[in-house]
Structures are given as C-alpha cells and as structure tokens.
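Okay, here we've got a single chain as structure tokens, the form predicted on its own, with questions on binding and movement later.
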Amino acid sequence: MQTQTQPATAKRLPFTPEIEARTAPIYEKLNAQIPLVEWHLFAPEIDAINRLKRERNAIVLAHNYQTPEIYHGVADIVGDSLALAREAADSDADVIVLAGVHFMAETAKLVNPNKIVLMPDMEAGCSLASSITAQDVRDLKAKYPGVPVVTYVNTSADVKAESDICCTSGNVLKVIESLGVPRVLCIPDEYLAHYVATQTKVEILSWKGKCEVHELFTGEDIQTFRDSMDDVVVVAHPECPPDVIRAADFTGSTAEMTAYVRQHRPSNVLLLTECSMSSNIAAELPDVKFVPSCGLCPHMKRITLPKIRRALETMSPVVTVDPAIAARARAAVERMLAVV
C-alpha cells in the first residue's frame, strides 16, 4: 500500500455563532457525552468537514469504534466491517474517507477501484491484520491442501488475495456453511474461530491471531460485575476469549450487539468491546445505562476530526493497492458480499 503525505499540523478553527447554530442539532444528541468546552473545539472541525464533503462529493465511512464526534458528527455511513464494505460498494461519491483502520480503507478501495479512498492516518493499524502474512496463508494452504481459506476482513489486501472468501464476525457462520465442505481454515482470529466452531458441524482450523482489545476481557471480569449488579446484561464480541463468551448473555458482531441493545433496552448493559461503541449507542438510547468497562483501541483513536479535515483539504493520504494483488483480493471480498 502506497501513500501520499499530508501536513503534520492543522490550524485550530474558531468557534463562531454561525458554527454554533449550524452544529446545534448534532450537539443536542451528544451533550451527554461531550462537555461544552470540548464541543467548542469539535464543532468548527465538524462544520468544515461537512462543507468539504459537499465540495468534494465525498462521504465519510466510520466504524462503530470511532468516537462520538466523528460517528455522529461527520459520518455519512456507520457500522461494522460488513456494513462499511457493502455501503462502500454501493456509493456514488467520488471520494471516500475511511474513519477506521487501514485494512478497512484497503477494502473500500478494493470494491471501489475507480474512486479516491482517503485514510486520515495511515498508521492506524490492527493487531489482527498484523498477526498474519500472505506467506503464512500460503504455508497453511500447503499444509492443508484443498481446504478452503475463509479470511476475516480484518486483514491486509495481500492476505485477502491468498484467500478463497472473506468474512466478518457478523457473517462468518453463513459464509462457512455456504461452502458445503467438511472443514475450513478460518483465519486469523483464534477466538472467532473457536466461537464459530461451537455453532457449526464444519471442522474449523484456526490461526493464532487475536484482537489486542478483546483478548483482555475475562470471565472473572463478568462475574465481578454480576456480583455487584444483579440486573446487568452482558453483551460480548466473538473476538473475546471463550470463557467470556460462555459467561455472556449475548454474543455478536458490533452490528448485532447494537441491534440487541436497541431491541431489548436493558436497564444496565455491559458491552465487552471497544470503548466508543457504548458512547455512540448511549447517544441514541439515553434510557439505557452503559456500565463502564471496555477496551481502548489505540489504532482507532488515531483518527481525529482534524486529520479527517486535512485529508479532505489535501486529498491525501490516498490508498492504493497493487493491481495484481487487488484483483485477487477483490474476488474474495466480492464472494463474501454475494453470500450475504
């Protein structure tokens, strides 16, 4: 993946009465999450970004782990990796800004080869994506000849290019069972593979990758919360360890976690995933109390409003993928989208 550079510093924008009026509807939704003194810093950036989007015919895709001022302030499309991949494929914008991590920007480029894809911070990585290489996949295929490779979208384009089909945490079971085979390689997340193995008769072969956020939760953590709060509902991501999954009330992708909370409206809910998700849902569901316990993804937090603004101002950094790799990686993503 190649990049263009951008200026390291952006001038702070003033907070004016006009900006206050234009951004008031957004802050009305976020005033419980963002103090007014912080909003005076965020509002000018949000106003500038929304203006630049109109000028550039651009959209911002934001993952569920982005902070509330990005998620609710400038994002046109929000969701998990699957939702972002789908919406990116259907977009009629000329420019896509990916507020997430680098593999998501690559995926957006794969399904939009003729669009400009901007990544506000190219250092926004992912422990799962870093846990496996294309050579690792080739070695696995040599070890297990003929076994289909189902690869989590949380991987680089060159890893996707060595795969038969991609998946997300929300569609992994459907993707695996669509293949009609007795066993598959489900890579690179070891805990996601373990979880899906409990949901299917297909033999699941795994890799050793883990999410640095989700792997820190434990079943003991859950018991501690249950001991102190009888009515807490625990909702976990399938990238969590097996003892967490067993102790949780519900397990699902970020989209499924959100849908569960929206549907059931528990009085007290503990989301075992990245921190910002609780804040983003809380802005929509003020009647639900979100128990504070989460993990902070340092990679997601590299994306900020000033970096999004600079990306749109300078039209950089631009995401590119080697055409030879892109064609094969795109096929794996498109196979996934055809299934779901």
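Don't overthink the numbering: it's just position in the shown sequence, from 1. Bear in mind the structure is a predicted one, so any value in this text is a computation, not a measurement.
Separately, the form predicted together with a small molecule exists; it is not shown, and the next lines address it.
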Can you pick the one in Ser131, Ser156, Asn112, Ser253 that has a heavy atom within 4.5 Å of the small molecule in the model of the complex? Ser253
Going by heavy atom distances of 4.5 angstroms or less, which of Glu190, Asp80, Asp121, Glu162 would be at the interface with the small molecule in the model of the complex? Asp80
Location of the small molecule contact in the model of the complex, chosen stretch of 173-181, 200-208, 219-227, 146-154 [non-hydrogen atom, 4.5 Å]: 146-154
Does the 4.5 Å heavy atom contact test between Glu239 and the small molecule in the model of the complex come out positive? yes
Please check if His214 has a heavy atom lying within 4.5 Å of any heavy atom of the small molecule in the model of the complex. yes
Can any non-hydrogen atom of Thr107 be found within 4.5 angstroms of the small molecule in the model of the complex? no
